[in-house]
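Taking the form predicted on its own, here's one chain by itself in structure tokens.
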């Protein structure tokens, strides 16, 4: 449609959001159709672009966990917040600190991108970097120990504990409602798994209306979440060297592990072909969602959650020199993953699929409140 020059200015313009506080910009993120080169011609999936939030997907739990802690009285007005994060939740907590008036300390490790450190500092958060990994739990456990130390030195300080806090999962009910409003029917959901919050929360919300939903989890090679041995991980934002209680193992139909070279390829293809992209989680999820679009029967409606945008990864995923140094530049990944029958059958180093999902610690899901 061509607009007449005689029509009033703005007559056909969409209504923009006018917010009085930045927290009001969180949510109602757009959905974008993604097809080739991830899926065969005529196939594709719907990507929920959580990078449209001010800081990414974890703005949702950052705000919700702090609001709930204040409501319960666990967090007093003006008391400090201390939490472990590789980056995105740190942005969400910085936003929560601005919104509710709390100083925020983000405990991280040397793997956090310098640009993210500078951004968190600019938003008013203090960044505390540990210097050595824990001998068993890696960087994540080292960060958690530093958080515990800081809490003992600051009476009244509060740690949201994103790995085990059920408020993390609950924060994603609005995201599930948005997907239902935008897409109506969803047959398959593809989600990255780190703390387990958004995969568990969104799937639970969707299954209230869509009980037959298939949930595909996406993990990083070297992550212990689904039963692989811990190894050094280049990818950040998904995967874990500990076993978060928020992971709802019973909710998954299958899990895919994705390697860094495959994720880099996917991130760059998203940018070049679709004008959108993100970090490691986004690339890994896009690769698996595209596979699902070509594997499930025609007409299957597939939704994928893209947790963030590309900006914090400009010096890594989108930097040719960095990628060459880490040997993660490649042409194209395979058309389909390798497959293993059991999650601990062998050590996986590249894109691999397993249809057997279980808690590697054998925990009773009923006791964790997940089932």
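Positions refer to the first chain, counted from 1. All of these numbers come straight from a predicted model, not from anything done at the bench.
FYI, the form predicted in complex with a small molecule isn't displayed, but the following is about it.
*Asks:* From the list 195, 228, 277, 165, which entry has a heavy atom within 4.5 Å of the small molecule in the predicted bound form?
*Replies:* Selected option: 195.
*Asks:* Between the options 264, 287, 238, 81, which residue brings a heavy atom to within 4.5 Å of the small molecule in the predicted bound form?
*Replies:* By the 4.5 Å heavy-atom cutoff, the listed residue in contact is 238.
*Asks:* Going by heavy atoms within 4.5 Å, which of 303-311, 27-35, 45-53, 340-348 lines up against the small molecule in the predicted bound form?
*Replies:* Among the listed stretches, the partner-contacting one is 303-311.
*Asks:* Verify the contact flag for residue 172: yes if a non-hydrogen atom of it lies within 4.5 Å of a non-hydrogen atom of the small molecule in the predicted bound form, no if not.
*Replies:* Result yes; residue 172 sits at the interface with the small molecule in the predicted bound form.
*Asks:* Residue 88: heavy atom within 4.5 Å of the small molecule in the predicted bound form?
*Replies:* Yes, residue 88 is a contact residue.
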